[in-house]
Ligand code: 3PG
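Here's a solo chain for you in structure tokens, the form predicted on its own.
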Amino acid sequence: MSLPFKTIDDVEIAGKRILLRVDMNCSVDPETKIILDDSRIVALLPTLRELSSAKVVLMAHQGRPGSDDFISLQQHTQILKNYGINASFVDDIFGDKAKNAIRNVQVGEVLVLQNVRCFDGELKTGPAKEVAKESIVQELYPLFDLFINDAFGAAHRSQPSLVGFTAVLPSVAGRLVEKEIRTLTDATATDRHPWTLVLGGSKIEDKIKTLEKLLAVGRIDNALLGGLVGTLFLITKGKISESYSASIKGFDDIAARAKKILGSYSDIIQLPIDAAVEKKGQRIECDFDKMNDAPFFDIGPKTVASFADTITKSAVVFANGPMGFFEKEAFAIGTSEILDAIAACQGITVVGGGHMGAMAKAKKIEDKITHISTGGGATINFLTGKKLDLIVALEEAARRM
């Protein structure tokens, strides 16, 4: 398939100083701040190795201010070194310290800048020409010959480091972005049914938007909801106590949206039918009337069986977000068994986002899944037919080039 943007194949890279924007936003232990999953870093290695004849400066984000995973990129740099990349880290983004380090980068070296979200302006969004006015872009772009964007996981965001440089530098896609677009296009260019969405995780606002979009375009035949998303709908339907809403930010507003979805798409939505709760530190599987307000950390075995039956009969499955509190081993069972069902499905299967993809790789079943995407929201937006901001910016850059 032909692509509407340029790639590494279309530019000269030898000896060039290249600014490479990537997405290596990793899962981080909230207590120790240690990276738990380096799969997004591993996904970047083909691009980095192909750029070994260039002088590479790597730019990325990790978490956001105020979150448990908002940390420096020093750990990420060490992981790159562990994989054989000649990488070094500078604790600066676009100040004199960073600029001096950038000027001194040699062929075959990779300089990692500090977490771009340490700069407040990075969280602004807008058209490429607008966010290109931010100082992170204006201070850095004169130092580079080429901008390469390989941050597919953030492709749905129009922030300065993601799209701003495309307005002021020759800009192309990296190998990961190229691979994701090609693979997702092939995987979704089908009218095969039933088309099943498996949706979980804890980012409720994002997941509700995802569900609304996919339902609105008429793509989904089955929507299997777990994690906090499933909890929200169970409360809304009166299946479990509203006491479980304490962990759902903005519950009243989101519950109204969930109620509307249930009213319009009750034939498509499939909710958990039993639970796994924590009592005295143990996993206890029970029906909803036996939960007694104990922490609801996973779907139960009846739900797993029901969801797995739907999945294995599907022509297309897209999964995003775990079914429960998978960080606790006893409550990773639901997610693990749903992944087994996805691996057993003979249709097209796509797992999006970090957590489920990491678990699939840990279980060594990734070869049985059509595609494990590095994107969460980006992949969802792609599935709904929305053109990704990163791709729009690269297309505009290609026309200028």
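Note that this is a predicted model, so its numbers are computed, not measured. All residue numbers are counted from 1 along the displayed sequence.
Just so you know, the form predicted together with the ligand exists too; it's not on screen, but the next bit is about it.
This chain appears without its partner; in the predicted complex, the one residue of 136, 113, 154, 258 with a heavy atom within 4.5 Å of the ligand is 154. Screening 234 to 242, 146 to 154, 298 to 306, 165 to 173 for residues having heavy atoms within 4.5 Å of the ligand in the predicted complex returns a single hit, 146 to 154. Mapping the unseen interface onto this chain, residue 64 counts among the residues with a heavy atom inside 4.5 Å of the ligand in the predicted complex.
At a distance threshold of 4.5 angstroms between non-hydrogen atoms, residue 381 is out of contact with the ligand in the predicted complex.
Though the partner is left out of this view, residue 117 does reach within 4.5 Å of the ligand in the predicted complex, counting heavy atoms only. Among heavy atoms of residue 179, none comes within 4.5 Å of the ligand in the predicted complex. Residues are counted as partner-facing when one of their heavy atoms sits within 4.5 Å of the ligand in the predicted complex; in 192 to 208 these are 203, 206, in sequence order.
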